[in-house]
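Form predicted alone, single chain, as structure tokens, below.
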Amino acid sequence: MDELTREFLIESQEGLDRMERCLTDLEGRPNDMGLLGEIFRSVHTIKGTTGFLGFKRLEKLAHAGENLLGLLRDGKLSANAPIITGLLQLLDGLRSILRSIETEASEGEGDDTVLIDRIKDLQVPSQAQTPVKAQEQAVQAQAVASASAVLGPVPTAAAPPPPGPKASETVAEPVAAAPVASQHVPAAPEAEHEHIKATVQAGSAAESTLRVDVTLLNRMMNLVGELVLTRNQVLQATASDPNMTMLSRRLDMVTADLRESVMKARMQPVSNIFSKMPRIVRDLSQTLGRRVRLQVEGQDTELDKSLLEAIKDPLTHAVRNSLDHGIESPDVRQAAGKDPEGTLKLRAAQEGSHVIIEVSDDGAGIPVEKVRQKAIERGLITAERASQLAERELLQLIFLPGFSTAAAVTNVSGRGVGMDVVRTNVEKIGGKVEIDSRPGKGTTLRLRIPLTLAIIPALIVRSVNQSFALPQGALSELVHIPPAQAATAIEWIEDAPLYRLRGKLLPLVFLDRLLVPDGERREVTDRDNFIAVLDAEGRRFGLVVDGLADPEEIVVKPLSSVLKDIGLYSGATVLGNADLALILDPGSIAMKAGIALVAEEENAPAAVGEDENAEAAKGLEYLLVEVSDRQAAVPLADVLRIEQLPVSRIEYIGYRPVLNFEGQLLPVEDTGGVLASVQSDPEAQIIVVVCREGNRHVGIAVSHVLDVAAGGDLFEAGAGQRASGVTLLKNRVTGVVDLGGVAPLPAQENAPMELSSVE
């Protein structure tokens, strides 16, 4: 395939993607001239370029569609349901030919006569369809005149030619010389002013962007990963050399900025896959006889391109499942007192280092007892085991291979290969799948996807004289139990160790015993016990390790098949000290250790009508810290990370201390004078608690991190206090840090900022 044809295929597919989005919107706004103009341009560009490249079959089909779209654009036809269906069929036909050109270097041997005849039949106006009113034409003409200063003279549409052999050609247009993205046909006089402004903006955007092959981006990401590994090693090697401090810090900052830039280049909005859903919902709802209203939120949320491609199929399965099994038919909904039109909601949002994608419906919900019986009938679980499962655990059975509640196999469902594909594909990329369902109210399927797979923050732990990386995404908190307290702090029920964490029993897994089952066991009273409290796929447990090291950004490397079969690891990495470390998989560890799912009442969503303030009445959890001999608290839900670093990492904008955190400058609050107390020693270690405050991140300088504790009611702090309130923590009145009181940095958004270090 030559470069010209390849460029044509890329631009044509992009044009058809835009056309599909516009067509689904056109059904709700049939007289929107902007949408009609966008659709017309997509088809016209394909038709003009095919004549230049010699694709006759594609040109003939596109020409038939262009004639129909010309009548719609001129107001001689109205975009009703049959016409939109015909245009969607045209879209599929054009895509099929483009796919054949890409895979076989030819247009294929298909016959488009039936489709072309169908499109021609749709060009006959009905008695109810009238031309555009003269008043609308006057408004449109005025809009074109207003925009002429930007676009220059706008050519008028050619008058329809006299009847004859070429009477079907209603618009005479020049053939495009080459498939260049910035070359568009000028807008027709009927186009509205806002549509013309959009065309100008689109042209400017095209000139300021560059299409880059994904293979090159992957290569760049691999090189950045190697650079991160080298940076980690340099930082460790120069930690004790004061002459290298500035250079290593500069390397750290540049590497972080470069990593952030490359990752942003790979990010794409989830609208790229959400835009496919209106067509799927429309076609499937018509097939199933459903009335469905699609709502989409968070389309601008960005995700790594490779992960975006990986969740395309799981998301499609989830949408089809909601329509087939969730939303009822209109008569059934009406009999149940519901709106005959069901609602399907797609929502995307970023939470920390993950993107949450939800597929929610207001259908009948999942019948738990039916799930139990079907699982027993299909031999997926024994009757005895099924009787012991709680409702939350029963819902997990729908993800088993071969499970289906459909009464018969159809072209939509019933084969039992849907939901297991969703979970398998999402877990392959390090994500998790959660499901909530309420009978008669609806079901929510939640996909928790990591922002990127290449580089992740991890806590380095030690066990059996080896280093292991523990992904911080699954880490809730750390607990240290010294030998003197281990005998009473760790409880045993038969051979199962437990730890009472704030009144609740936490099952423990000793990593050394899991790795070497027959090895020599050290008593808990003979060693320091470090507990990493983990949340993995609905299972909460504590992983007991021998020691902790500093957190690191690690580069994930694939595992060999031998190590994959062990089932405890998700990858490997090279640490800053050049040691090889395996990356632990918390979910696999929990399953191998037999950790049960968290009880349903602990994680179940609030029932309809439940008091909204019930959660607040239970009290909040706080990170208890010490700031210059005073105890303070930070809301645990707002804490992102706890960084231990040399004070030399702190720089200043004027008098304001700042920290370079993941490529952005964080204001650091130091009301307790922690930084000032160690400023004379550049290598002195300080602790900065990185917190989320609204849409920004802030840092709090503290002397020590003490514990995590549950607080009671929050009371006013009193006049002149720099706290959002006070609460009772461990029988002491404790001030809660006012994160909103941390002033933003004084620099303008694009202005250069002068930094100075403590030296």
Partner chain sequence: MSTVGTALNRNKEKTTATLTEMCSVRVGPTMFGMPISHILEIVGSARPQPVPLAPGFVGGLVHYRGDVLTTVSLRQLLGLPPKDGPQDILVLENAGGCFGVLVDSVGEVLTVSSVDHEPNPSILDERRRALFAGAYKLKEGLLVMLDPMRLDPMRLGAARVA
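Rigid core: the largest C-alpha set superposing within 1.5 Å between the two forms. Fair warning: this is a prediction, and the values are worked out from it, not measured in the lab. Positions refer to the first chain, counted from 1.
The form predicted in complex with its partner chain is left out here; the points below concern that form.
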### L514: touches its partner chain in the model of the complex, heavy atom cutoff 4.5 angstroms
yes
### Message
Residue-level question: is V627 within 4.5 Å of its partner chain in the model of the complex, judged on heavy atoms?
### Response
no
### Query
So, in the model of the complex, is K557 in contact with its partner chain at a 4.5 angstroms heavy atom limit?
yes
### Query
Does T85 reach its partner chain in the model of the complex if we count a contact as any heavy atom within 4.5 Å?
no
### Task
Scan V461, A572, L122, V647 and let me know which has any heavy atom within 4.5 Å of its partner chain in the model of the complex.
A572
### Task
Quick one: from S306, Q350, Q466, Q89, grab the residue that has a heavy atom within 4.5 Å of its partner chain in the model of the complex.
Q466
### its partner chain in the model of the complex: contacting segment from 439-447, 544-552, 224-232, 684-692, heavy atom within 4.5 Å
224-232
### Residues from 562-590 in contact with its partner chain (non-hydrogen atom within 4.5 Å) in the model of the complex
V562, L563, I566, L568, Y569, A572, V574, L580, L582
### Task
Taking the rigid core as the superposition reference, indicate whether the CA of S271 shifts 2 angstroms or more between the shown form and the other one.
no
### Message
Once both forms sit on the same rigid core, is the C-alpha displacement of I376 at or above 2 Å between the shown form and the other one?
### Response
no
### Message
After a rigid core superposition, would you say the CA of N465 moves by 2 angstroms or more between the shown form and the other one, or not?
### Response
yes
